[in-house]
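Single chain ahead, written as structure tokens, the form predicted alone.
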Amino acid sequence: MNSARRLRLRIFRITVFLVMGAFFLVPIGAMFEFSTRGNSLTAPRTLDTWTAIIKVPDLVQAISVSLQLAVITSVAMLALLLPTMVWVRLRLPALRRIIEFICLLPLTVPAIALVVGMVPLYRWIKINVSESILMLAFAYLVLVLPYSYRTLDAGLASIDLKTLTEAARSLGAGWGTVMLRVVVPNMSTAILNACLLSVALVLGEFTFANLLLYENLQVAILYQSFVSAGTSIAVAVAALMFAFVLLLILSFVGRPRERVARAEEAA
């Protein structure tokens, strides 16, 4: 690649980065400006709406249960999906397309149709099991399957799974040891990506919780907007920034290992 083409490519990348950055940051900046606006245009900026977040019990409770749902959904997704995908790749490769179809199926079904189908199930759960909002984790697990499957599948494709597992098994490792000490460390970035997608989806989900009569973070934001629009916007911005910080942390995870791998290749 000559210098002129390299320069044009760099300018194109910078332009795309700036445009996409403005596309995401300008609305968030407008939301922050609105949440810090005083009672009048001439009033000084204030953070009263932000400090009011922890003073509203319903918001605090909604934030707490949404974070719990995010953790439960992420752990359940990994416990269900990762061993299944590993086992299918190693022992039942003929079922790989079937598993992929099942995991991607929720993408083809509208959320409202999924909710209508789950209403009788959740009515039974509320009567016979529990009325806790944490029961939403079952529905959220279905929602995150397509995104998590694609991410984990890319991670498994990037490693020589068969050779690694056979080597570990030949040294006497059980399947639990193989999963925890061989598979997971070699695809940690893919696992973190899948967890990040799960957390972002759970924190931003509204349809399931609202129609199934639960109050998660997004439903609480809607109710709070009827009382104080500024506080509801502040909570929405805080949720977006939380997801952004997670993404920023994730972008640095794995880089030390990549640098070590490049150094080893160079040596």
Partner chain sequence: MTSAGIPAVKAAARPTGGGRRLRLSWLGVVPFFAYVGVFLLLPTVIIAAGSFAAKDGSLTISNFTSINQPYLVKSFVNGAVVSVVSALAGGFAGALLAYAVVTGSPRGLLRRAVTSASGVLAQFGGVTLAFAFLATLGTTGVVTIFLKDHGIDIFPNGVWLYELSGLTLLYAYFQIPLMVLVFLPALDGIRPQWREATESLGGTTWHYWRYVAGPLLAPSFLGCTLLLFANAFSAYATAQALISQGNLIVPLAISNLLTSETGRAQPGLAKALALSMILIVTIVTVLYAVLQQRSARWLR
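Numbering follows the first chain given and starts at 1. The model shown is predicted, which means the values in this text are computed figures rather than measured ones.
The form predicted together with its partner chain exists for this protein as well; it is not shown, and the discussion that follows is about that form.
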Does residue 26 make contact with its partner chain in the predicted complex, using a 4.5 Å heavy atom cut-off? yes
Heavy atom to heavy atom, is residue 132 within 4.5 Å of its partner chain in the predicted complex? no
So, residue 58 and its partner chain: in the predicted complex, are they within 4.5 Å at any heavy atom pair? no
If you check in the predicted complex, is residue 176 within 4.5 Å of its partner chain, heavy atoms only? no
Looking at 127, 95, 184, 157, which has any heavy atom no more than 4.5 Å from its partner chain in the predicted complex? 95
Which of the residues spanning 216-238 lie within 4.5 Å of its partner chain in the predicted complex, based on heavy atoms? 218, 221, 222, 225, 232, 233, 236
